[in-house]
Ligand code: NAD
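The data below hold one chain only, encoded as structure tokens and taken in the form predicted on its own.
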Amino acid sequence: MTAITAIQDKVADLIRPVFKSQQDFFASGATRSYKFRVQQLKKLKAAVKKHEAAIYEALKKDLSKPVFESYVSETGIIYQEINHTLKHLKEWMEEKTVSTSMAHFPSSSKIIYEPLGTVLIIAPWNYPFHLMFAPLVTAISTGNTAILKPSEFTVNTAMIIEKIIKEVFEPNYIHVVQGEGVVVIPQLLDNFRFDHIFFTGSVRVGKIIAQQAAKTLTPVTLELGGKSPAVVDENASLAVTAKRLIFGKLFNSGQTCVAPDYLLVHENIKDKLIAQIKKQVTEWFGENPQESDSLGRIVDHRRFDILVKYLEEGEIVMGGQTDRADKFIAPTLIDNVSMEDELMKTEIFGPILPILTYSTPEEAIEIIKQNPFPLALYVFTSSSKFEEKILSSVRFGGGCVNNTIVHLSNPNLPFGGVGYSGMGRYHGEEGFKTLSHQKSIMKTNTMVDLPVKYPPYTDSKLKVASKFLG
């Protein structure tokens, strides 16, 4: 038996009693009531607030993330999600009456929202707190139990997640599993049939999880990625465009699944926009961005080395400075890139923005379609015609007009990908529906029993049926 095999067997053995206890706890009905769900959400929010400073310190150690970014994108967004859920949960949980056709007279129909059971939530490293707790809020609100797998690449955040969960919840309700994903996740999927798997991460790993889940017909929500374009029309406001574009690109040092992955700018304004971006970067981060407290770092040296290779392609027109010891890469613009370059074939996930140009909307659309199904798309324009042309011609998960990345923070907007960028939606009510079973019920009165639907079938009965259904 190899060392890895021994570890895998140990993981399964450790989780087996926890998994069984979660199934038993769920079967007891304890998680189903509105009161219970509200109590757990409030407890979770209080615990996050209690440990805010420790969360920010962990994120600083893992990603050198500024406190402002940590609040806005990690804890603050969770407070918003919990508050939104508490406000609407009673309404979401109510049975929904739906119309019933006269063909089914005398019947009525309704939808009952029921929890699924035990959910597995697998979080990534780029927003390690947010992307663990946002699905957890949904799991709690829907009355499920959950097993959580944080990313091992952000170990400090993983540990504070485990501390919070242990402090607030019993393992028969919510439990954290630590360890290397390549070891732990296969064991979880091989040995346990979860009622839903919620995964945020790469397309490559998403495919593996979907394949594994298919063996037990386990439903999955996959929040993946892709090359998200920012399309800039020639009549866009350049000063505002530069600010919002670079904000979305450099937030979390570009390590955001919905960050603009490349700039697609009209050829007539490319030079002006580049000049505006350079000006904005200097205003925000100074002449030496490495000295700025407002710019994070790359998560680890493995990712750093991958990103540095991209700097060998095209022509650097801004930035390009690196420091491996500090895991620092300066905000970088790369011009004269080709669709054959590696940085145009894969999601960059760093502070590097390649630049392409177009002359017509049709040309821009054809360029985008070479990397199909982006998770996000951004359009900068003052033309409603151009806006509609781009939005209606490209299949993508979601996006913004004259902004970047902020659509993710609105709990009223379903968030998710399409095609290669993922499947399934969450946030707000959409997340509630995703992790609930919509049980459909038709109830028929017994005082009236029309004979038209029963044998023997006659021409006259067919005529009656055709009036209702035809």
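What you are looking at is a predicted structure, and each value in this text was computed from that prediction instead of being measured. Just count from 1 along the sequence shown to find any residue number.
Quick note: we don't show the form predicted together with the named molecule, though the next part is all about it.
Only one of K87, K345, R204, K215 comes within 4.5 Å of the named molecule in the predicted bound form through a heavy atom, and that residue is R204. In summary, among the residues A242, I78, L307, I185, the only one with a non-hydrogen atom within 4.5 Å of the named molecule in the predicted bound form is I185. Though the partner is left out of this view, I82 does not reach within 4.5 Å of the named molecule in the predicted bound form, counting heavy atoms only. In the predicted bound form, the named molecule sits within 4.5 Å of a heavy atom belonging to K149.
A residue is said to contact a partner when one of its heavy atoms sits within 4.5 Å of a partner heavy atom; F349 meets this definition for the named molecule in the predicted bound form. Although the partner is absent here, D261 lies well away from the named molecule in the predicted bound form, with no heavy atom inside 4.5 Å. Here the chain stands by itself, but in the predicted bound form one stretch of 275-283, 192-200, 165-173, 325-333, 192-200, has heavy atoms within 4.5 Å of the named molecule. Along 205-220, residues V205, I208, I209 each place a heavy atom within 4.5 Å of the named molecule in the predicted bound form.
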